[in-house]
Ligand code: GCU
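Form predicted alone, single chain, as structure tokens, below.
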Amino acid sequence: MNRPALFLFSLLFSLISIPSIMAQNTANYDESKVPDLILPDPFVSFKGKSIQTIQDWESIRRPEILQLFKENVYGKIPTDFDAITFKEVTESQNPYPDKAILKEVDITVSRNGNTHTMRLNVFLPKSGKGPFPVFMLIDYKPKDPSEKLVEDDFWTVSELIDRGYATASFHGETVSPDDKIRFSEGVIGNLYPEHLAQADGMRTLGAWGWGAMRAMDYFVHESSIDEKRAVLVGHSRAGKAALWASANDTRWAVTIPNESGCGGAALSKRKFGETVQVINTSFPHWFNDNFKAFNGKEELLPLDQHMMVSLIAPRAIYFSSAREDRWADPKGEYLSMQLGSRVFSEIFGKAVSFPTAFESLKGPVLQPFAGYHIREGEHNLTWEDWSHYVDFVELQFK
């Protein structure tokens, strides 16, 4: 397969780099050890064609980039199944009975005589007139039966309802367990066992993306929800899954990965914070088997995460970071947005730009189609993050 041409973004970076092809077994927090950023050009096809029009982007370059990520990073997300059903159940107490309607929905999918059921929790505003726009969160945080349905800061249901949004969440455990031994004890083993033998087969993050797509199927079915105004949110590893879900499913109007780091928003070739080798060693079940060939060899990747931004365009995308979360490489996340968002202006004619250097950022960058913020603090999803998300989304839906 021909590889995309490479080009040097040296003018965009004010850093002194020391090239290195050494495998990284630990996180790197030293900017002086970040290699020169030689990144694949989103606007040059495998055959060397300059991509300048929407038609060429949609018919040539976007499919190429999507295939690169399928083969080398996330694995395929299968789209075939025989049937899907939605059943409302009652197992949890509604924590907001005065302002919201709680719907607990079992989504059951069948394929080749086998079935798998995932749980989707949906809150609908009691006041206002639907159909309502919806924020959907992919959740992964450890849970046990004694825990309450909603964590007030991590999933800010009450505030979102007050702002006129429906909101929903599913837990990754009901789709694919976040465990290197048990990850197949879900949708992969139940419905798509052939993927386990495929080097580019679906793994945990792809399975969570599959789950987000099934949630979207429910939103299309539910008359109280406006599926055309649906926002997909994921924190950390779930942010990686949210990006991949939206790249494969263009029904999502807005995509928001929070502090998603390596394999998410951050540029892998920077080798800063969590590296490809670190993530594949610690979480071998997250990405496909082919991704492991780039352990310590990020410079050989035929792609980088700025190209994930281009897959979301022309739909809206928003990245967010935390200043003390160096593991997720905030600078790499911002540079990825800064470079990848060029597709909005250069292909789709949208006035999108990030002219400010990372070190000079003062507040959130809110504009139609693409945005970014970095807050003080550590790795987490907080109301401060959510408040910026709502402001960005309202700019898109006004």
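Keep in mind that what you see is a predicted model, and the values were worked out from it rather than measured. Don't overthink the numbering: it's just position in the shown sequence, from 1.
The form predicted in complex with the ligand exists for this protein as well; it is not shown, and the discussion that follows is about that form.
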{"query": "4.5 Å heavy atom contact, W286 to the ligand in the model of the complex", "finding": "yes"}
{"query": "W327, heavy atom within 4.5 angstroms of the ligand in the model of the complex", "finding": "yes"}
{"query": "In the model of the complex, R237 touching the ligand (heavy atom, 4.5 Å)", "finding": "yes"}
{"query": "Contact test in the model of the complex: D304 vs the ligand, heavy atoms, 4.5 Å", "finding": "no"}
{"query": "Heavy atom distance at most 4.5 Å to the ligand in the model of the complex, all of Y140, E274 and I279", "finding": "yes"}
{"query": "Partner-facing stretch of 237-245, 217-225, 167-175, 84-92, counted where any non-hydrogen atom is within 4.5 angstroms of the ligand in the model of the complex", "finding": "237-245"}
